[in-house]
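In the form predicted alone, a lone chain appears below as structure tokens.
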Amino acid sequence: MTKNILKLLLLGAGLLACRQLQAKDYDVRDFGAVGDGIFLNSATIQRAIDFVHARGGGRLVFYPGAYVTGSIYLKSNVTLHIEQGATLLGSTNPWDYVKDPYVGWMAMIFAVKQENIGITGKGVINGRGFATANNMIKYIQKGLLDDPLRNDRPSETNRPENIHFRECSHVAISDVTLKDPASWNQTYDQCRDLLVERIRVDSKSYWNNDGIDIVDCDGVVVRESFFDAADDAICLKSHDANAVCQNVTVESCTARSSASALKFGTASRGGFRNIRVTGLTVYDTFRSAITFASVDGGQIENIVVDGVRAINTGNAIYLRLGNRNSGKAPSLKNVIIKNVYAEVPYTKPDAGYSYEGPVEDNPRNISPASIVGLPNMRVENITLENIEMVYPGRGDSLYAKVGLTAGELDGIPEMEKSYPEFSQFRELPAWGLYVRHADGIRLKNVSFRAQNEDYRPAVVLDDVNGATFTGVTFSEPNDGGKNQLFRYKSSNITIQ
């Protein structure tokens, strides 16, 4: 994303902040709200929002206390300001929430087709999701709520998120703590001019607790924020085949996840373009520090990741093309990932967290970073620069093996219709980087370091056309001088 686009986003956020400073403050208690942690305030808060909206807007202020609420709808020109010491406390009664018929989700705070809205302050939004979700299960088992109860839990859409904004513009979320939703934490779907800054997310009270989901939005800045999530931490999605998630900046954030830290493409119908991520810290993450995947026909292009430090993560980088019957060909091209340090452990990175990633999905030997397309849908133009990846080694051919024979390499499944995760292929023949069905791969100043011996080479290229290795180094104890770069069905490979 260009500097001019970023300046426009910040200007829009600044104008919104000015409007908020000039707007009148309204005390939610003046409308009858009670912050005792018991009284249900949903109707009271909604009347207050409607009142402020009808009078041209302003800040609805929550002073210290615990304000229990179910679903409420934020409206244009209204900001919820939650003071330090104040908490919006989600009701644990599922009947206090609505499933909005337009967005198809359940949430505590909705906004649909509104503008100049925000949630600010150093207070807390606490969904109490574990209790709410388990109460929902009781009602489902009694036949009072309709849900298939797959995997012994309600569908994500039938559990309340903390925030769900759809088709809103000029949105500012700042300084608040968002914790313990029953489903995804916060979703911004087809929004424009969105600023999320200095927020703290503690989102690991139940299954599918994403940190933040940015869906088909245009013009987004997420900065100086912390995300601790049971599911993907910073997640970009594209639900609409006719929309694109674009012009997004993520800067100076920290992420931990029992899934992936930075991920987009779980839903990838339209696509992603002009995305820039800088200054990202990742730790204790079960899956990948970085995952970009297009498996539903979407286009991924013009992506820059600059500056990642990932410690104790199950995988460093995973780039993937798939084809889940979307009716159109996906693409993944023009991606630059640079200035990265990543350490992959031998042990489980998220061990001890409330909701750990499923070990049954993992291969027996540690997986390499991977760039994987399909024979007729190839990954294109990927640059990895100034990167150091540290692996534990210890790959054991007697434990599980994929070797370098034609039969073994051709036997690695394509899995074009599978959910995209680095572990989906199970065993892979490299310990550092595996590239398959790709064109135009550039590695510059990339270091692969194994802490112990591994039966595999560091890098395997399978059906790669055009790859340049400049200043690439390999370190593995007692490697016996083996060839650390193996080529199969690959051409135009340059080593400098």
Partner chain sequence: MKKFIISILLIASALHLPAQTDYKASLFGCMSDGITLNTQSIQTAINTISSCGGGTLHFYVGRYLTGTIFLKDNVTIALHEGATLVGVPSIYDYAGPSDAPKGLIVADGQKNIGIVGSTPEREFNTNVVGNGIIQGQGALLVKNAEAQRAKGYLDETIEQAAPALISFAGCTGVKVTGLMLEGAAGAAVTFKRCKNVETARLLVDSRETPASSGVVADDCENLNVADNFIHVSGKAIRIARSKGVKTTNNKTPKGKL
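As the structure is a prediction and not an experimental result, all values here were calculated from the model. Residue numbers count along the first chain shown, from 1.
One more form of this protein, predicted in complex with its partner chain, exists but is not displayed; see below.
Think of it this way: in the predicted bound form, its partner chain has a heavy atom of just one of Gly32, Gly471, Pro64, Gly466 within 4.5 Å, and the residue is Gly32. With the partner omitted here, the residue from Leu398, Leu144, Ala406, Val359 that has a non-hydrogen atom within 4.5 angstroms of its partner chain in the predicted bound form is Leu144. For the marked spot (His53, Tyr73 and Arg150), a heavy atom within 4.5 Å of its partner chain in the predicted bound form is absent from each of the three residues. Heavy atoms within 4.5 Å of its partner chain in the predicted bound form are found in one stretch of 24-32, 425-433, 440-448, 456-464, which is 24-32. With a 4.5 Å cutoff on heavy atoms, Glu224 does not count as touching its partner chain in the predicted bound form; it lies far away. At the 4.5 Å threshold, heavy atoms of Glu414 stay clear of its partner chain in the predicted bound form, well away from it. Among heavy atoms of Asn381, none comes within 4.5 Å of its partner chain in the predicted bound form.
The shortest heavy atom separation between Thr69 and its partner chain in the predicted bound form exceeds 4.5 Å. In the predicted bound form, Ile38, Phe39, Leu40, Ala43, Thr44, Arg47, Phe51, Arg55 are the residues of 33-59 with at least one heavy atom within 4.5 Å of its partner chain, listed from first to last.
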